[in-house]
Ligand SMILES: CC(C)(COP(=O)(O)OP(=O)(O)OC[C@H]1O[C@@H](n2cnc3c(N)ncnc32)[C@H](O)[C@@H]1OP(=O)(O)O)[C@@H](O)C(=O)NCCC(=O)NCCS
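Take a look at this single chain in structure tokens; it is the form predicted on its own.
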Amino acid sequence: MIRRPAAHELDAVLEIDEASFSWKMSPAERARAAESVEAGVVRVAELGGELVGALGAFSAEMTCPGGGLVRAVAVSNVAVLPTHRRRGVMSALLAHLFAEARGSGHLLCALYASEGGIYGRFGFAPGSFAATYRLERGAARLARTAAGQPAVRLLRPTEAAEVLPAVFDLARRQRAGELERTPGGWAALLEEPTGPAARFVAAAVAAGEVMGYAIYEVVSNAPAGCAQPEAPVAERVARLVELVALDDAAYRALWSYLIGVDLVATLVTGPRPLDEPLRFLLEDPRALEVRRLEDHTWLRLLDVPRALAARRYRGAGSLVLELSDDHCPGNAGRFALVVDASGQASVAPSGEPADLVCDVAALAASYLGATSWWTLARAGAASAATPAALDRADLLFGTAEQPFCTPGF
């Protein structure tokens, strides 16, 4: 049975999460989990009178290529007790989620996958990718600065809580794949870190308006017992938590500030877009070292015709797509995608021969522009009637920027 948990079952839900992911929640994390249960965003699987699985799912706006906003379900903490794996618990949780989300008009599901081999069989695919970067401060110098660059100033925590949500809300509409951040997400982002890390918020300000921000922490790799302020510079690291900019001038100003932070030897980042412009702002592009390249958000289309019609395309054209979907049968079939000169599409069932044949996961991989149809075809994830069909699909589905999702969830 899949259902919402009762208030008295909170501890059982948290125990599922901790046992599944082999971790122990902090008091702040437990408080946020309790809020999620109270808000009704958690579903649990009951088997033989025992809670054995759980997931969280909340509604959020996602930005599509072209700037359109659609309702997506953000899925988190899909967990099954280690004692009850391979009994169909996760399948039942996700089947319930898909039916519930489709019934409430959601077009997409998004999640961060703890393991890459789990979600493909449920119709998910990497919808965006990310890289983490490293800069040695002594080797990193900007090649150029622009006239009239915004000033950068530090924000107090109360100022950051007031200003940052509005800036992010504007910025998230500029890139495909971004999700709105919940109040709980903001509370988690802006809470003071535990341990010796020192957190700062820098804002780029032009004409009195905040045009971007960078949240960063300074930490020490010095041996235990060496106080943070006394740690040698060579042991001190600036860690970029989040950088959001409304325009290129704010982006340059924030990176100029970060590269200039004193008394640190290294700057490292959390997940950032693959097409990070910083490399081409540096005198030496090699100074930006890629530490890790990974899949970021995974995507699942719940209503293919409406999802295809919701995004914009790059130029006019048409394709006939033949799709299979083992979990959402309404997505299976042949659809004609017809795009007009403005990039707007109409989608309808078709009896014409298919230009592209694939499953719903392959379509999810290409939906935001993260993966080309030629790549999918070479991997055997899609087949095309002709090479020209692949060219046409890549022209239509291509995006100016790589998709990305800033908030964790």
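Don't overthink the numbering: it's just position in the shown sequence, from 1. Quick caveat: nothing in here was measured; it's all calculated off a predicted structure.
Here the subject shifts to the form predicted in complex with the named molecule, a form of this protein not shown in this document.
Proximity of residue 399 to the named molecule in the predicted complex: non-hydrogen atoms within 4.5 Å are absent; the residue sits far from the partner.
Though the partner is left out of this view, residue 112 does reach within 4.5 Å of the named molecule in the predicted complex, counting heavy atoms only. Though the partner is left out of this view, residue 124 does not reach within 4.5 Å of the named molecule in the predicted complex, counting heavy atoms only. At a distance threshold of 4.5 angstroms between non-hydrogen atoms, residue 149 is out of contact with the named molecule in the predicted complex. Contact annotation: of the candidates 336, 163, 201, 80, the single residue with a non-hydrogen atom within 4.5 angstroms of the named molecule in the predicted complex is 80. Checking 279, 153, 306, 87 against the named molecule in the predicted complex, a heavy atom within 4.5 Å turns up for just one residue: 87. Stretch 113-121 is the contacting one of 135-143, 113-121, 238-246, 191-199, since its residues have non-hydrogen atoms within 4.5 Å of the named molecule in the predicted complex.
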